[in-house]
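For reference, the chain that follows is the form predicted on its own, supplied as structure tokens.
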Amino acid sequence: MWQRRAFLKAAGVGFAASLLPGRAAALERAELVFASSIETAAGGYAAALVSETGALIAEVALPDRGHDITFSPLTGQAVVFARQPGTFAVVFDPKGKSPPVTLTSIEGRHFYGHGAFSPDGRLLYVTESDYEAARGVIGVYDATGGFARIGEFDTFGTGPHEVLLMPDGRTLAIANGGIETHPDYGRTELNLETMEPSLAFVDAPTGELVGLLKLEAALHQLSIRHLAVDMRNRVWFGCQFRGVSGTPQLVGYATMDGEIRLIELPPDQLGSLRNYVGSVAAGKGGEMIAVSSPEGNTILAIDAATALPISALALDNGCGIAADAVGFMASSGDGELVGFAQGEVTPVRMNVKFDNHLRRVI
């Protein structure tokens, strides 16, 4: 995430001048700034910057519902992705010097809601579906050339959702949810009986497979969806169960050495997730992991070292989570922002509806 001085320097006078006076003042006062897709009070869709106190700092209109937002580590360019199986992404510039640009998926592909920048900010990696072949791909876009699509490579699975760049700066961790979708059928899941989720490590410069990890065959309907990296460079993942009955464990971690395992959440806390993890985030330093369930109105904070839950937060329709200074900030589809750590709760309500993900900018 950006330090305040670096963010404001990159944003420059143009960004501050583009804000209404009240929003410029909110940015100046804010200790923390987060980004999220939202539904506005008027019923439209936007990507927004908000403060930890619930002040709306800036927003960029979207043609339809957005999902996740990613930022360039150097330039601060932001990209918000359509909810799957969407066909648009919007690039917006916090400098305020250029208007937003809408990208459209190429013929035969749709977006899955997530992406990640290369360490130098020159490339954007986007999870996509080659939907006629039910094949996951990473679309590669030139962030220095108008975000032209310059190539793609396999995710070595179906239904790739979240993608993260590992701390080595070249390996991508990709959550292959295993679920086939097609724009002709909206969000209908087409292969629940035969789905094969996996977590792939792929070398970004070459597109070569580094490792492909799967859970046991009996868990083939446990869709791996969202990711975060802890202090040991382990990739934590959250799952969504698509089976008819049962309550499998939903949270686990994997390593580039080939280990993959589910942790054992206590029955009451596992049950509170209602077979659905909507977001995963690492706390400051990667010592804590948070997972959310909008289906179960629950957010859990987990000690990454012991894999034991630390605290739980009840939040109706809560899904977005991001690290703050001491723990996590959470957002809900009812417009709430809640800071929580070790059981401390400070709720704020805004006149918007937050979508599934929250990203800290400052």
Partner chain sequence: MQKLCLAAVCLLFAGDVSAAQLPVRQVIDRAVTEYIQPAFTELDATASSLDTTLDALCSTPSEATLSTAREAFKAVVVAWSRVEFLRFGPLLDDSRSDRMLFWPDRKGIALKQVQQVLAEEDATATDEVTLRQKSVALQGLGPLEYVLFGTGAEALGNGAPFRCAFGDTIATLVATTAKELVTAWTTGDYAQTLLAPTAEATNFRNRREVLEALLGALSHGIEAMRDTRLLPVVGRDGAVPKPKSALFWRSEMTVPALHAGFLGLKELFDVSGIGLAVTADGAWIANSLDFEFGNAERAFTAITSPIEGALQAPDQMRALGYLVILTQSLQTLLGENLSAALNLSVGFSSLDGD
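Because the structure is a prediction, the values reported are computed rather than measured. Residue numbers count along the first chain shown, from 1.
Unshown form predicted in complex with its partner chain; subsequent notes refer to it.
Asks: Only one of these stretches, 118-126, 208-216, 239-247, 137-145, has heavy atoms within 4.5 Å of its partner chain in the predicted bound form; which one is it?
Replies: Only one stretch qualifies here: 239-247.
Asks: Report yes if any heavy atom of A314 sits within 4.5 Å of a heavy atom of its partner chain in the predicted bound form; otherwise report no.
Replies: Flag for A314 set to yes.
Asks: Answer yes if any heavy atom of G76 is within 4.5 Å of a heavy atom of its partner chain in the predicted bound form; otherwise answer no.
Replies: Answer no; every heavy atom of G76 is more than 4.5 Å from its partner chain in the predicted bound form.
Asks: Hey, in the predicted bound form, is A304 touching its partner chain, heavy atoms inside 4.5 Å?
Replies: Close contact is absent here: in the predicted bound form, A304 is far from its partner chain, nothing within 4.5 Å, heavy atoms only.
Asks: Hey, in the predicted bound form, is Y131 touching its partner chain, heavy atoms inside 4.5 Å?
Replies: Yes, Y131 is a contact residue.
Asks: Let me know the one among H110, H220, R274, R149 whose heavy atoms come within 4.5 Å of its partner chain in the predicted bound form, would you?
Replies: Looking at H110, H220, R274, R149 one by one, just R274 meets the 4.5 Å heavy-atom criterion.
Asks: Select from 175-214 the residues with a non-hydrogen atom within 4.5 Å of its partner chain in the predicted bound form and write them out in sequence order.
Replies: Going through 175-214 in order - heavy atoms within 4.5 Å of its partner chain in the predicted bound form - the hits are E180, H182, P183, D184, Y185, G186, R187, T188, E189, L190, E193.
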